[in-house]
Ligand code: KDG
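Consider the single chain below, provided in structure tokens and representing the form predicted alone.
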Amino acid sequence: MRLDLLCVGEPLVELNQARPEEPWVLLGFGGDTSNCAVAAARLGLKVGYLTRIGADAFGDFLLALWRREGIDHAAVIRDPTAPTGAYFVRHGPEGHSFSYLRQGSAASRLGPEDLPEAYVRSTRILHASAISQAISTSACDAVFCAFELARAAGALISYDTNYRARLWPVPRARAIVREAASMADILLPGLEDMRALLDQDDPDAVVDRLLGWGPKIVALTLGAEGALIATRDRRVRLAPHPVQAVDATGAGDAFDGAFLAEYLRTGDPFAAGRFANAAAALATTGFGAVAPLPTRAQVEAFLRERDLEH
């Protein structure tokens, strides 16, 4: 099976509390690379996912999600001795906060020996993130191994610098992220991550530094300020889209999936950035990381409306 996109990493079950007085409810699913996979599948790509999940109810829920979204999960391993990870989202006046149950999870046991080489070599783009590497040393090694296998087969490498301070110390994160970024064709960092990893918060300076590491394309998300798309020859600043935002949990992952989907369709990183910027805005208009991820028709309709307004 020839894939457009293969994502490697940590899927999670998501429980959400919209208001402090309300109970926790199972609204959906998370894990940045799984969210990216769903986002890209809804936009028309043939997507596969590679991970380990528990032989438990949460693992069953994730498999059902990937089936519904048309994501190939032939390479997903069920682990009878480790649980599927979960996280909790609480919303308040200061925004949303997260609590995780991921230590010792099945995904953290992923290692290079779990990679089916022919499957990894079958994709046009391989995508992973810093979280995929931070959850364990073996998972970190698996990502690097997957990058090497995919690159040798001519695939593009996509990497999100998604940084979580609680998962690993800054010196290790900086070293691993730089090495992974140097292997990437498409780098998908967030400005907030770069403040921690580079001690730098000027978008142009961040992009200059990241391009110097080797990627051909840097798509820097700026949160509520939009995005900056850059190659060695050109850069474009994208303004944010005003929407009725209620939950930004999966916005960055929506951006990643949409960018990769549109880049494969057009070969134009700036068109891909415009499309992804709109998809990320739409992803903030509903609760949960996966439920509000838009379809291609929704993104295109939104962009047409924005064009008419201007």
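These numbers come from a predicted model, not from an experiment. Counting begins at 1, following the sequence as shown.
The same protein has a further form, the form predicted together with this ligand, not shown here; the description that follows concerns it.
Undergrad: Heavy atom within 4.5 Å of this ligand in the predicted bound form: which of 87, 119, 213, 168 fits that? Just give me the one.
TA: Answer to the contact question: 87.
Undergrad: Under a 4.5 angstroms heavy atom criterion, identify the one residue in 124, 235, 164, 178 near this ligand in the predicted bound form.
TA: Checked against the cut-off, the match is 164.
Undergrad: Check, residue by residue, if 31, 102 and 131 all come within 4.5 Å of this ligand in the predicted bound form, counting heavy atoms only.
TA: Checking in the predicted bound form: 31, 102 and 131 are all within 4.5 Å of this ligand.
Undergrad: Would you classify residue 289 as touching this ligand in the predicted bound form, given a 4.5 Å non-hydrogen atom cut-off?
TA: Yes, residue 289 sits close enough to this ligand in the predicted bound form that at least one of its heavy atoms falls within 4.5 Å.
Undergrad: Quick one: does residue 12 come within 4.5 Å of this ligand in the predicted bound form, counting heavy atoms only?
TA: Yes, contact at 4.5 Å.
Undergrad: Report whether the minimum heavy atom distance between residue 250 and this ligand in the predicted bound form is within 4.5 Å.
TA: Because a heavy atom of residue 250 falls inside 4.5 Å of this ligand in the predicted bound form, the answer is yes.
Undergrad: May I ask you to state whether residue 35 is within 4.5 Å of this ligand in the predicted bound form, using heavy atom distances?
TA: Judged by the heavy-atom cut-off of 4.5 Å, residue 35 is in contact with this ligand in the predicted bound form.
Undergrad: When this ligand is placed as it is in the predicted bound form, which of 267-275, 250-258, 61-69, 237-245 ends up with heavy atoms within 4.5 Å of it?
TA: Residues of 250-258 come within 4.5 Å of the partner.
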